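As a starting point, one isolated chain is supplied in structure tokens, in the form predicted on its own.
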Amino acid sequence: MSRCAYVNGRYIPLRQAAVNVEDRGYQFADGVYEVCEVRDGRLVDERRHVDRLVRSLGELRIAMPMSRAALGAVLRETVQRNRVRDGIVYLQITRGVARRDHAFPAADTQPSVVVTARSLDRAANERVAADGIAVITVPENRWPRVDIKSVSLLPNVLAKQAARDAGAKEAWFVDAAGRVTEGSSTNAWIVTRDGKLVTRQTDHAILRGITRTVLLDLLKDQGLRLEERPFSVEEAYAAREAFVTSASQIVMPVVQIDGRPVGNGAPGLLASALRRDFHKYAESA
């Protein structure tokens, strides 16, 4: 069966799906998005993702285009129509279609809504996690409000490609003080030599990752030590373990940073355990 997309009220074959050339998402990256994991045909942490979506829309003064219930129905229908059992559902909302002008269009301009879904190879992802991934570090060059999940991702695209060119899977942004902010599409974590988990606090410099949020509940429940603070590149080099989190990668062990092995160069026991236990704490519906 061919894939389909939801575009502004209609389910359309993916090859025919399109938005207007004057959509402000296309012209100005004037919109937000969410990516939600699909596991066993069910949405993972839908409530938290929609909460973050509403926050991002509010920060950009874009109206919520439909009720939360209606949006949930669209997400599920898109997943079902694409027969996704394990994968992701992608949602994008922009300020809508209007004559190209930097200022906001008329208040009655309707937001544009696009939803797609695709399958991911769950077994292949597990094989990657069993080996761990390499990351590189790159200078932080994004706008100072990356806590808004905006579709303006050019620095992230360039960072991800720099990682691929270097034979790595991810790039970590590093601020002017030499501290890691986050990955190009993930939150960044280390485990110190004395067993403390460290990840940056949720300020404007990082996205409030949903997987990150769920992991905080897991850590608290299991009594693990956590420090929410910036960590330096040098701390990362010296860490016992490192890993990244995201909806598509869950908890992914990092075994190399800038060509240097992390710990013994193999996925850490703690990161692997957190990956194993993650979905016990995530919401599924």
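One-based numbering along the sequence shown. Everything quoted here is computed from the prediction, not taken from an experiment.
The same protein also exists as the form predicted in complex with a small molecule; that form is not shown, yet it is the one meant from here on.
*Asks:* Just one stretch in 254-262, 217-225, 239-247, 57-65 has heavy atoms within 4.5 Å of the small molecule in the predicted complex, so which one is it?
*Replies:* Going by heavy atoms within 4.5 Å, the stretch is 239-247.
*Asks:* Using a 4.5 Å cut on heavy atoms, which of Asn82, Thr211, Thr199, Thr94 is close to the small molecule in the predicted complex?
*Replies:* Contact residue from the list: Thr211.
*Asks:* So which of Val191, Ala163, Leu207, Val115 reaches within 4.5 angstroms of the small molecule in the predicted complex, heavy atom to heavy atom?
*Replies:* The option sitting close enough to the partner is Leu207.
*Asks:* Since only the chain is shown here, I'm wondering whether Tyr26 would be in contact with the small molecule in the predicted complex (any heavy atom pair within 4.5 Å).
*Replies:* Tyr26: no, not in contact with the small molecule in the predicted complex.
*Asks:* When the contact criterion is heavy atoms within 4.5 Å, does Asn156 count as touching the small molecule in the predicted complex?
*Replies:* Yes.
*Asks:* Is Ser185 part of the interface with the small molecule in the predicted complex - any heavy atom within 4.5 Å?
*Replies:* Ser185: yes, in contact with the small molecule in the predicted complex.
*Asks:* Spell out, yes or no, whether the shortest heavy atom distance between Arg142 and the small molecule in the predicted complex is within 4.5 Å.
*Replies:* Heavy-atom contact with the small molecule at 4.5 Å: present for Arg142.
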